[in-house]
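Consider the single chain below, provided in structure tokens and representing the form predicted on its own.
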């Protein structure tokens, strides 16, 4: 007889895994299905930046809680709290920096403005062409490539049944719940959570729901190993640059520059017309970067909706179906908002509100 689970979770990234674990700890029978390997989508290929300076103001309370979750994970995920500087190279950028960081500081982030002299005392290799600088002592990073290993280990020591390489091809609904079909077996569950990251639109379509989800194709690059050049996370006022130097000497360079491709294509592709400006911006901020070779660039899909806020809650037209994703800054926020999602499904009181996936969407860049 096919087991009838309390909930089936589609997607084995941070949010799918963390929600599964939370529900299992509360006594639910959980099955988690991942189309590839655990933690190998955006959760495992992003730059790993845990900077409060690049989080949206409305999401700051969630980012602060998420940052605390990463701290608790510690060495198992390569968590390092380095501090972080965000740079402005001209007056226009300085004004932008001041406006954005004041709002984020009011929202609870530990951000201060410091002089270029203090920056250069702590980061002597950064360009001298600096007009303004902000600093957050709580900024840091984790090793995203350890995400899958970390969550797989937790799943193995839990009651969650999980299956990798399990592409969902069909979902049937009935008054008893859901039949989730993969290429071979099918699974029955009373509830369903979609947590498929960049593939969320395709997953929702299996329930005949058309969500306005698009997938960004974020690019990350890594240099060869070098002597110590920077000690803090380095960002830019526009948000178009993040850099951090790992313990092995390599420097990770990100900033949301876009590659090409769609989730339907499989992996995205690096585009020279965007990766080159990303690296050039890094070289401007850190001139010594020009002497290092880039040994690899890659992409990862990040789902978003027009207002760039999460989808987190019940799918209005499908009883007992839920969705969690499209979280801007999802690497930082993911471990915490997943606990909120679990509490929502369990009917518990929420510490912070979720984000209604049935809302009317408007475009915003703020």
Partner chain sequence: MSDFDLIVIGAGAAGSRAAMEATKAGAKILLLDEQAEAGGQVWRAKSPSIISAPKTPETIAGDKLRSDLKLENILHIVNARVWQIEKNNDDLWNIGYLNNGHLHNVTCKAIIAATGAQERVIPVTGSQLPGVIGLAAATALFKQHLTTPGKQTIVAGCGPLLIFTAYEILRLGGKVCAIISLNSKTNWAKASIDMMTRPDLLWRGATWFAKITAARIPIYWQSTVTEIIGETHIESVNISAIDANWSATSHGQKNNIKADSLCMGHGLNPAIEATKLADATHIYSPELGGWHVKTDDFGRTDKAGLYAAGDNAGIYGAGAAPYRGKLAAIAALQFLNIGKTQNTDKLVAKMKSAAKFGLATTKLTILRKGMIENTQQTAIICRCEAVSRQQLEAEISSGAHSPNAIKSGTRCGMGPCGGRYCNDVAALINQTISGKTRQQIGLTTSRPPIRPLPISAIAQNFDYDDLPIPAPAPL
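Quick caveat: nothing in here was measured; it's all calculated off a predicted structure. Numbering follows the first chain given and starts at 1.
Another form exists, predicted together with the partner chain; not displayed. Remarks below refer to it.
By the 4.5 Å heavy atom rule, the three marked residues 159, 188 and 206 all fail to count as contacting the partner chain in the predicted complex. Here the chain stands by itself, but in the predicted complex one stretch of 62 to 70, 306 to 314, 27 to 35, 334 to 342, 306 to 314, has heavy atoms within 4.5 Å of the partner chain. Think of it this way: in the predicted complex, the partner chain has a heavy atom of just one of 272, 167, 264, 115 within 4.5 Å, and the residue is 272. Note on contacts: among 130, 281, 80, 107, the single residue with a heavy atom within 4.5 Å of the partner chain in the predicted complex is 281. Contact between residue 289 and the partner chain in the predicted complex is found at the 4.5 Å heavy atom cutoff.
Within 4.5 Å of any heavy atom of the partner chain in the predicted complex lies no heavy atom of residue 321. The closest non-hydrogen atom of residue 225 lies within 4.5 Å of the partner chain in the predicted complex. Though the partner is left out of this view, residue 145 does reach within 4.5 Å of the partner chain in the predicted complex, counting heavy atoms only. Along 22 to 59, these residues reach a heavy atom to within 4.5 Å of the partner chain in the predicted complex: 37, 40, 56, 57.
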